[in-house]
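Starting off, we have a lone chain in the form predicted on its own, written out as structure tokens.
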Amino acid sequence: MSSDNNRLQLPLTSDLIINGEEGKATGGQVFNRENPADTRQVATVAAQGSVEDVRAAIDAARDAFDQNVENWIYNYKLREQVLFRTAQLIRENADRLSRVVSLEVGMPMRQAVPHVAAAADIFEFYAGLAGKLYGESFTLPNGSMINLVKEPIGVVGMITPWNFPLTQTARKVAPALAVGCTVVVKPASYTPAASYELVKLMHQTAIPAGVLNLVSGPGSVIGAEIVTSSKVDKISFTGETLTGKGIAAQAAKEVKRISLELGGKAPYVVFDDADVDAASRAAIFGMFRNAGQACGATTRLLVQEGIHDRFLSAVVDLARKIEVGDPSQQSTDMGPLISSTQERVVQEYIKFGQDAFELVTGGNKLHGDVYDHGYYVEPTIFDHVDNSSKLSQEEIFGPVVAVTTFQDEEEAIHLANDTDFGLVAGVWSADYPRAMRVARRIRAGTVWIWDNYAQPVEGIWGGYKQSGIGRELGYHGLDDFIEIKQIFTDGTGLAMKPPYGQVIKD
């Protein structure tokens, strides 16, 4: 491996942060996170929290909210300062954060650097909204007044994913803090240091103790306690769909608020009048960014028959030029998969595809040199894939793409929607009215026209169907952490108001 990672003085350490204090797990337990690019190397030694630890974190968040620590709920200027300063600290520490993400995720540095920058942008965006949570007021004909006020939902338990650890955490933490919530974060066990480094930086701001807490450890312990605790008002989860369903079922027992950002099986619809050069480049970016380990990855290419050969040829040529290797190197386009488990899952899907469909390129686990000690799989494309097969219906979370042809617009829309998911999609056509028409009929939370995987903080992120509940990013990202209260003030001054006569004889 490159000596670049050695600048981090491996292994990294990741502690718990509870009530403003860093510390070890109460039982002294730790767990190791391997480097997925070189499994001989321990990337991180992380504190393995216990039920006692996560309960302490929940209590700290509960007390901070209920006691309105340092006027956190109402002092939007303080919240602005915390979020603006966080953005500044992320940028000041961008090189280190990028290397931590690259190390734990296996994300190439050319992707880790903009990933960190995007996290800073998210905090900055929500800092600007902290003081702009305007309510509504209007007066009834009898002089009575209705005030609708926005209030923080309370204590939020956040269970974050490993594939984009900083931006995914920022999407939850920043809007929650902007509105005045308090937070307990349970980071993914594959990326404890990335989340720890961010939360640690945030405690260099003026954030009051107890407002932001971090407890790493297994989901079966830490996540389960967060979800079931009666002291937690809201769960925000990003991850695998089956896990999300379990969280929803548990939260329903208390009618606990939830937001879920789950899986995807993105259709990328290419009509025969599309710009092949532009569309193929965008497809490659969406397919193989972060080794395809993304819920919005372009995993289904739906290509009109007349352009199929030309478009597929362009995509395959680009795929074969992808440099797979050491993520710390600037020349690397695609790094390893996150774990041996994920590598095995991806290889099982590839084996299924080889038996059922036409393998156009890739399909192999890579060997030799840097590959022998990491989870490296080639960019893989299958052609003539049946849209009803598991290759087109199930989220693979790896560099595996299914190509399916269609004849006309109606069939394209049918194929795009013929899945349990509805997170994102893409449409390419020189005929803009058609592109817009198709985009409107695809049931997905985001549809890109002439682009792929653009995620401006000013927009939104979230899906239809089994891709989740709620929206992150943009102004709508605040809604997941807000309750709306009506305060009604009588304006009549009457002791005996007309409705009272329904019960009281005057």
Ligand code: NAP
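None of the values given here were measured: they were computed from a predicted structure. Quick note: we count residues from 1 along the sequence shown, nothing fancier.
The following text describes the form predicted together with the ligand, which does not appear among the structures shown.
Peer 1: Just checking whether residue 263 would be counted as a contact of the ligand in the model of the complex - the rule being heavy atoms within 4.5 angstroms.
Peer 2: It does: once the ligand is placed as it appears in the model of the complex, residue 263 has a heavy atom within 4.5 Å of it.
Peer 1: May I ask you to check whether residue 213 falls inside a 4.5 Å heavy atom distance of the ligand in the model of the complex?
Peer 2: Outside the cut-off, so no.
Peer 1: Can you work out whether residue 217 and the ligand are in contact in the model of the complex, taking contact to mean some heavy atom pair no more than 4.5 Å apart?
Peer 2: Result yes; residue 217 sits at the interface with the ligand in the model of the complex.
Peer 1: So, residue 436 and the ligand: in the model of the complex, are they within 4.5 Å at any heavy atom pair?
Peer 2: No, residue 436 sits far enough from the ligand in the model of the complex that none of its heavy atoms falls within 4.5 Å.
Peer 1: With the partner left out here, if you bring back the ligand in the model of the complex, are 160, 247 and 423 all within 4.5 Å of it by some heavy atom?
Peer 2: Answer is yes for this spot.
Peer 1: Between 259, 93, 189, 290, only one gets a heavy atom within 4.5 angstroms of the ligand in the model of the complex; which residue is that?
Peer 2: Contact check passes for 189.
Peer 1: Of 75, 393, 243, 340, which residue is found within 4.5 angstroms of the ligand in the model of the complex when only non-hydrogen atoms are counted?
Peer 2: It is 243.
Peer 1: Could you tell me which stretch in 118 to 126, 401 to 409, 232 to 240, 365 to 373 has residues with non-hydrogen atoms within 4.5 Å of the ligand in the model of the complex?
Peer 2: Residues of 232 to 240 come within 4.5 Å of the partner.
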